[in-house]
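Form predicted alone, single chain, as structure tokens, below.
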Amino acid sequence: MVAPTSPAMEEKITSAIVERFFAKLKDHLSVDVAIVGAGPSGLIAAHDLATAGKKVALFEKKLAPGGGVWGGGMLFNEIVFQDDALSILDDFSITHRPAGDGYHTADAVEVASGLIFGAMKAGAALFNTVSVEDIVFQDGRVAGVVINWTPVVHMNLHVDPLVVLSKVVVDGTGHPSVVANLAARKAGVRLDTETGGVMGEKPMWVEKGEKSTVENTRRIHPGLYASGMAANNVSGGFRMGPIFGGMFLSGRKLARLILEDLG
């Protein structure tokens, strides 16, 4: 029997996946910005930061990035925006339709997929099914994230994690504000909030919640920022439901603040 002279198709396919993935991971073991949570604010910030030439990595614990966008309101996959967020939808070529009184609707699936595509085409790297289980803390500042596969975390397997170093870490984990809680609990830092800790999210008040989502998007400790609903949870803002203008504006503000910080 004559031995094959070249690798079988199965080997070529597997080799291509392994080589390209590990090249991508190795290239992002040290980044300018590590964004934890690939929801709308994180994806928009990643797009703007990558467009400005920063090396950005997003870490999303779920299989599908996009945060809470996909399901719209109670699985009605339409979401609402205000006038002042439309320019951002246009930047991502996302279709929107007027709904009267300064409000507009957009298809939730188009929004989520459009944000993901836009962020990655701008140059951001996205690692899905990756959970952040700890932070790197050096010289009084947050200096990176500690990552592991989400199935490893869910199954409580004793598997040591890996580390990604970063000049800036963003908590974009939504309602739980996972990274801010880690910083307060494990590093014992005082966050830039009224209490010095994670204050917790208030109940729904759409008008207040939309404003506070943007207002609370800021640096909460050296090296650590919060955006979107994570920012509201950290600073005690109101919940706002399936209206996303504030989330979009939060991501754009976040990128601007980080660019100013990084010079």
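Residue numbers run from 1 along the displayed sequence. Owing to the predicted nature of the structure, the values given are computational and were not obtained by experimental measurement.
The protein also exists as the form predicted together with a small molecule; that form is not presented, and the subsequent description refers to it.
Checking 49-57, 34-42, 191-199, 217-225 against the small molecule in the predicted bound form, the stretch whose residues place heavy atoms within 4.5 Å of it is 34-42. In terms of contact with the small molecule in the predicted bound form, the residue from N77, N181, S113, S131 that brings a heavy atom within 4.5 Å is S131. Though the partner is left out of this view, L254 does not reach within 4.5 Å of the small molecule in the predicted bound form, counting heavy atoms only.
Although the partner is absent here, G174 is a contact residue: one of its heavy atoms lies within 4.5 angstroms of the small molecule in the predicted bound form.
Though the partner is left out of this view, G237 does not reach within 4.5 Å of the small molecule in the predicted bound form, counting heavy atoms only.
The closest non-hydrogen atom of K211 lies beyond 4.5 Å of the small molecule in the predicted bound form.
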